[in-house]
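One chain comes next, on its own, written as structure tokens: the form predicted on its own.
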Amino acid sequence: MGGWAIALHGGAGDIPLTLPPERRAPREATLRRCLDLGAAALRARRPPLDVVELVVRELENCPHFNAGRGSVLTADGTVEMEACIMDGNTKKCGAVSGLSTVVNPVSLARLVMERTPHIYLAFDGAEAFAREQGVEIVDASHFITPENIERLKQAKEANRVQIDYTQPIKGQQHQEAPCIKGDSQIGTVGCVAVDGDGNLAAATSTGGLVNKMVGRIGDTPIIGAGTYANPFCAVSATGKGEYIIRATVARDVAALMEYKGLSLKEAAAHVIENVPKGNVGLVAVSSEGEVAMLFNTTGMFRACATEDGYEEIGIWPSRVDG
């Protein structure tokens, strides 16, 4: 085994190279803090399942990312959050959708995995389960920020659904346009981790798309699309959910490793290349401690660390990630 490794993301999309420092700095600082938190937990020999939940909870609590506190709004001006968590060795998993009051959806997903005979709970049933389990709940208005009210207004004026990191331009219907000012709420969050014994886990959480139809479910809680872990690797994807679902992005990475013998980076690169450009990114780790952070969008907020001392925090393509 290659030792422990961790990778996390804060979403992929059309992140402008001109992203202002005041928009960029808090997000990079959150990635750094969450990376340090996860790495410390792995050094302390905490199970990868605990580590990915811990990190994603922190990302959900950050208003700068599109999950938990920072979740974007539906066409009706409401919040519908979703999350998923999966253990690699056992393939046990839990998922939730349609949450409007749960502070940390990823933790509710874990409770679905551990305390019910099911994998996936949604909407009223998931909310009722949250109350029954005593997880932290707040009024739905807690998640509805002035920034997201303004974003929804802009998206409605442009008559379109927005992917992460894009800003609507009036008069251009149903198109994606670069976020010129970089002032949009950003990205699905996720974390993958492996310990020194090769145990793997993945977790993902999101608020979905701006101006999405009420009841729309994306890739995040769908096992094998936005989230997947098995004994070979753990994967968390981000981007346009409909494209990720069609391509079964996370499962395909694992399948190429399992059935074709590809390395993690080879498998991830193959999957990313076969999704239309501008729609997907992913972070992944293998049982051998390898890391892959790949995307075909302009950028992806991401960070990783390995037991041998390698660390990276990035937004746009680097020499390594391409």
Partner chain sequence: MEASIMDGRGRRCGAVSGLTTVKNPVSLARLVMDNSPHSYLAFDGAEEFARDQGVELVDNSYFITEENIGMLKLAKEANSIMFDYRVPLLAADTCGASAGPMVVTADDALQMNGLPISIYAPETVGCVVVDRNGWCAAATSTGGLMNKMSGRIGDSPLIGAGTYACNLCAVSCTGEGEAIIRSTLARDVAAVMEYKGLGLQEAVHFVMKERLDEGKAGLIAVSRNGDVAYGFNTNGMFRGCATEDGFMEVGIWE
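The model shown is predicted, which means the values in this text are computed figures rather than measured ones. Positions refer to the first chain, counted from 1.
As for the form predicted together with the partner chain, it is not shown, yet the points below apply to it.
Using a 4.5 Å heavy atom cutoff, none of Ser107, Ile144 and Leu282 lies near the partner chain in the model of the complex.
Residue contact check for Gly134: none of its heavy atoms lie within 4.5 Å of the partner chain in the model of the complex. At least one heavy atom of Leu209 is located within 4.5 Å of the partner chain in the model of the complex. Among heavy atoms of Thr101, none comes within 4.5 Å of the partner chain in the model of the complex. In the model of the complex, the partner chain stays beyond 4.5 Å of every heavy atom belonging to Leu37. The single contact residue among Ala155, Cys93, Ala201, Leu73, judged by any heavy atom lying within 4.5 Å of the partner chain in the model of the complex, is Cys93.
Just one of Ile272, Val291, Leu256, Ala41 comes within 4.5 Å of the partner chain in the model of the complex, counting any heavy atom, and that one is Leu256. The stretch in contact with the partner chain in the model of the complex, judged by heavy atoms within 4.5 Å, is 240 to 248, chosen from 193 to 201, 134 to 142, 240 to 248, 147 to 155. Contact annotation for 193 to 217: residues with any non-hydrogen atom within 4.5 angstroms of the partner chain in the model of the complex are Leu209, Lys212, Met213, Val214, Gly215, Arg216, Ile217, listed in sequence order.
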